[in-house]
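Below you'll find only one chain, the form predicted alone, shown as structure tokens.
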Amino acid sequence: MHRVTLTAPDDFDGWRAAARRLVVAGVDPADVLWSLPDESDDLFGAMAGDDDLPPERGSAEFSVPRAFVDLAQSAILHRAPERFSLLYALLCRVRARPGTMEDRADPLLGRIEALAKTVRRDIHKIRAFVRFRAVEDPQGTRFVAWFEPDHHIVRANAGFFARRFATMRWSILTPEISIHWDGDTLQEGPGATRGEAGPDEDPVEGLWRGYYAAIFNPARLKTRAMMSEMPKKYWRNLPEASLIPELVAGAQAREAAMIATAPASPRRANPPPSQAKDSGAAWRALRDAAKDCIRCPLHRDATQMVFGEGPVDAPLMFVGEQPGDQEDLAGRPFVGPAGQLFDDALAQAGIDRSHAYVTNAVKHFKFQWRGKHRLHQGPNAGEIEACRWWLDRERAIVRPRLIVALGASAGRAILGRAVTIARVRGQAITMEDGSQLWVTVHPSYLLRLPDAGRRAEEQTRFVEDLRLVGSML
């Protein structure tokens, strides 16, 4: 009997190294006992004793399908104590019969895939239902969240949160482990209690509840689907969850009111009055919440948050990079020199700005002082990602059929990845919600061109881009 003690419940690297040595030595799965440091040595001490792995055989290297590695990395995060032995048994089978990963009728493969599916569902929950609260510490503001995962997924998802909230100082506390990000490095700590996650009420949560209530659509309510996607165990950590019973109870009456006020022959361009009213309330709640945004450090130096403007049912949305100096002072997007060029180009393309929704990927002005002047600085990937939360919700409320990204930063904010304008310019990109995205240059790019001839050429091309989008309306 061979005993293998792994360092942690999610120790994939340790399991892989031990499993490789065991399978090369031809050790039968029934002859391996997998354990963790906190498990009692008394129960199996007489049989196994210390770890006694076979000697390494460097010349006996072998490979497995990538599908096996991906499956094992997910399944090993499950809480099932037999996961290690199941994965080792599957590894032995894959080595003996390379086509095992394509055999959908294999019961062992099916059992492990079920474990991995449950883990992936838990990963979706932590990414969807973590709610941060602002807590003051000696270094300033830290955002703290409490979560109770079903499986060992916290360490595996630390990188996701570090990338998504790169400019924030945050901590995610769970009963077994805590992770902390200081803007540069990730650190791991012991488990915590819910009380350590900060106050029961955060000032921003009141605004979030108002926004959630405003966007709640009774006509689209599917209670069973909602309970499946958002089980009650997560409700106590979600500020909006306190509204759910009341909203569900009143859904039938609200749906009847929406039907009664809808026009006899509804048109896509003119939503029912009740829908427009709900969208307007949702937009106002979102704008008010954004005024207190501290998701990235840019709020510290900017004069104010500059939110989007325009009809909340606009079929066309323009997304720029960030406010400039004059936008920061006026509190409105595209009112400075780039905004004037933008307005002129819209007029030449036959597009009425008052019928479009105009916003920015980043809502605060980023700049550096040069004497008495504030010079624009482009936002970095972390700042774009932090502000993407607001942009996604603007899009969800307005629901435009066409979106124009003005510049690479706007394209990145919408697509969630880096964009090369020359590669995608003039092409329609279909989004998940069915809308079309078009990417072109930002008007400020035209202002920076030193050569007058080149500037005139690029302005003409910019107008042609807008004219093409206008023809789609």
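Values in this document were obtained by computation on a predicted structure and should not be read as measured data. Numbers follow the displayed sequence, beginning with 1.
There is another form of the same protein, the form predicted in complex with uracil (URA); it is not shown, and what comes next is about it.
The listed set Glu327, Asp278, Glu394, Glu385 contains one residue whose heavy atoms approach uracil (URA) in the model of the complex to within 4.5 Å, identified as Glu327. Of the listed positions (Trp390, Trp170, Phe161, Phe334), a single one reaches within 4.5 angstroms of uracil (URA) by any non-hydrogen atom in the model of the complex, namely Phe334. Looking at Leu77, you'd find every heavy atom of it more than 4.5 angstroms from uracil (URA) in the model of the complex. In the model of the complex, Gly320 approaches uracil (URA) with a heavy atom inside 4.5 Å. Among residues of the shown chain, Ala338 is one whose heavy atoms approach uracil (URA) to within 4.5 Å in the model of the complex.
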